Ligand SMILES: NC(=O)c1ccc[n+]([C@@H]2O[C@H](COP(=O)([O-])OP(=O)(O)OC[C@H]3O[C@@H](n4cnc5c(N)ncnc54)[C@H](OP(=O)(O)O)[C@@H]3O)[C@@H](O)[C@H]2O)c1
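Single chain ahead, by itself, as structure tokens, in the form predicted on its own.
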């Protein structure tokens, strides 16, 4: 017997939807009923269901992963979703859409991620079309430790509203602990379309941030020389029977544990014992500080709450000044314990203090191995961060957690973070140019292993640099072997402190600008990995200059050329 489709759609009064959501859902389903034919008859096949467009802007892959999750929910509820990167959507295309969900992360200091920059430039232009027929929702990802939290999502939300689009539900701004909030928002954003649901597909493994795989550490060795100012290590994990798979270009999430001596110092400062019960928490104070909370980098809430209680003139001045640069200068070298010690006489309630702390988060590292070269293993290249401040040793949370693990019997919780936006070219004949100073070399070690295993014929050109060749040329033997067997076609080095005038990778790029432009003209792929604050910006400026000079273009034409590389997925960055 056929299923009757009603022209009117009633939503239960206790359903968890806002007025805007109710209006959108009712209109959507009423329109769907009209399309399928009201008054009786067999339900139309899923192919006739109105499509839903899910767009994402990502830097490291998380927003894309959530977009795929939203797509799975949509299919299970009768939609035929289209999932696409924001940069792949032109304004003419956007103007034809009716129902859009956007998942977008914020990169750097409030910037659009690379995969959304071209879209944003077009959307924010005065030539952007009116979008009165568009219903949209935005899921924003960010980190509250940054001043411009979820700024990319906020900008898109405001601009779409300015262009006349209709918000189907309120934007949600997710912190690093995003899973529950994102899942709830997605469930609310996608109603049941009434079509034949597609079967849900499970992910490859169940390992994730909340349920990491406990992997054994196979190798932990220092790569940097004895006279280096850095401590860079090669760390290899055994994937065992986890079922975890990955591709060159992906990242590995590592769940750290806070250093035992730091936890002990906190307990001493609080005048509390490790077994002190904390109401509402499933663990006593000691294990909470070790495994559940971020106790090195202070949250904004903690700084604000402590300022009110500490009676510390300089801290109060810095906080009330509301100047990011002033706060950063004050915090330079300090961790959260240093802030607690600003007033040693201040008595702090452990339960209240815990409420000011952020959850301890995973750290993501670019994978430095190809699974084709190291079956059953995954490798990282990690710079251990250590410094002294006011006579006390300080450490980076995860880098030293990994660095101080002895390989024999050592373990760490890990999970895979796919990043399909940072991949070796599918065409093995395509040229590849890689800019990776310092630990930015990590994914390019993986890329070279991948290209060698695939027998790729394309040019592989690497720019690498650091401070001193004698002590900072990590993986020198392996790079030499890549050169010897023809995998690495060309190598340019920039060791900044080996001569009076500092030389960086962007200077080597300018010196070889003619050949770089020729490689791009030949279909080359341009990759950058490393520091986003300075290096990546300098490299980007050098790239534009090279294109202007050797492409005989003005600045605007060079920008258009680079945007073309981005759109063609030939200018890709893994920056942090």
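Residue numbers count along the first chain shown, from 1. If you're wondering where the values come from, they're calculated on a predicted model, not measured in any experiment.
From this point on, the text means the form predicted together with the named molecule, which you will not see here.
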Partner-contacting position among 69, 531, 548, 540 - heavy atom within 4.5 Å of the named molecule in the predicted bound form:
531
So which of 81, 137, 438, 191 reaches within 4.5 angstroms of the named molecule in the predicted bound form, heavy atom to heavy atom?
438
Given the stretches 493-501, 477-485, 273-281, 338-346, which is the single one in contact with the named molecule in the predicted bound form, using a heavy atom cutoff of 4.5 Å?
493-501
Is there a heavy atom of residue 506 lying 4.5 Å or less from a heavy atom of the named molecule in the predicted bound form?
yes
4.5 angstroms heavy atom contact with the named molecule in the predicted bound form for residue 385:
yes
Using the partner position in the predicted bound form, report whether residue 52 sits within 4.5 Å of the named molecule, counting heavy atoms only.
no
Do residue 466 and the named molecule come within 4.5 Å of each other in the predicted bound form, heavy atoms counted?
yes
Heavy atom distance at most 4.5 Å to the named molecule in the predicted bound form, all of 246, 374 and 412
no
Determine the residues of 554-576 with a heavy atom within 4.5 Å of the named molecule in the predicted bound form and present them in sequence order; the list may be empty.
576
